[in-house]
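There is one chain below, alone, in structure tokens, taken in the form predicted on its own.
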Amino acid sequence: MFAVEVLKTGFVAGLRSVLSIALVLFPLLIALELATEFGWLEKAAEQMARFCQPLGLPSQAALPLVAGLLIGFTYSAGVILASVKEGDWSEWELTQLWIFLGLTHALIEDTAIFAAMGLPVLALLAVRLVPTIIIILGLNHLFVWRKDRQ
């Protein structure tokens, strides 16, 4: 009898979690489709381009960053790959892009999901963004230092 009660409780809790994730994820995916269709994604990329330069990323990294930060690699892979194919990227710029996205992919989606579960939004963002920015700036410094020594 105890095992049945545990299974029932686990099933109900799991179902609630899936539903709360779906309530966040579905609107995000719909918003992404609308943003792509109406050109909002490109407008967001124009705004993001201002933040690329201080991080040592090329301005062409803005669109892949917006797509990757919103919903991660899985759903934005087409946007990311198309931008990379269309642009003139150095090996270092691509490496930086993938490191940055690897550390922060789905930042908005994940934060929304965890916030729906009651976690603090600013703390979630800080825990992922601050170390990523420190790592990218550190790698840029190391790359420039090594390049200057050659």
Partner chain sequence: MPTNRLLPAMTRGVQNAVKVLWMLTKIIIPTTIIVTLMDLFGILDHLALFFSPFMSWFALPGEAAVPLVAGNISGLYAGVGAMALLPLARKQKFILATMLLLSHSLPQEGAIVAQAEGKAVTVTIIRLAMAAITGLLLNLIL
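Residue numbers count along the first chain shown, from 1. Given the structure is predicted, the values throughout are model-derived calculations rather than measurements.
Not pictured, yet referred to below: the form predicted in complex with the partner chain.
*Asks:* In the predicted complex, is there a heavy atom of the partner chain that lies within 4.5 Å of any heavy atom of A13, even though the partner is absent here?
*Replies:* Output for A13 is yes: heavy atoms within 4.5 Å of the partner chain.
*Asks:* With heavy atoms only and a cut-off of 4.5 Å, decide whether P54 touches the partner chain in the predicted complex.
*Replies:* No, P54 is distant from the partner.
*Asks:* Is E91 near the partner chain? Define near as a heavy atom within 4.5 Å, in the predicted complex.
*Replies:* Yes - in the predicted complex, heavy atoms of E91 and the partner chain come within 4.5 Å of each other.
*Asks:* Can any non-hydrogen atom of S17 be found within 4.5 angstroms of the partner chain in the predicted complex?
*Replies:* Output for S17 is yes: heavy atoms within 4.5 Å of the partner chain.
*Asks:* Using heavy atoms only and a 4.5 Å cut-off, determine which of V84, A49, L70, L41 is in contact with the partner chain in the predicted complex.
*Replies:* Answer to the contact question: V84.
*Asks:* Just give me the residues of 117-131, first to last, that have a heavy atom within 4.5 Å of the partner chain in the predicted complex.
*Replies:* Stretch hits, in order: M117, G118, L119, P120, A123, L124, V127, R128, P131.
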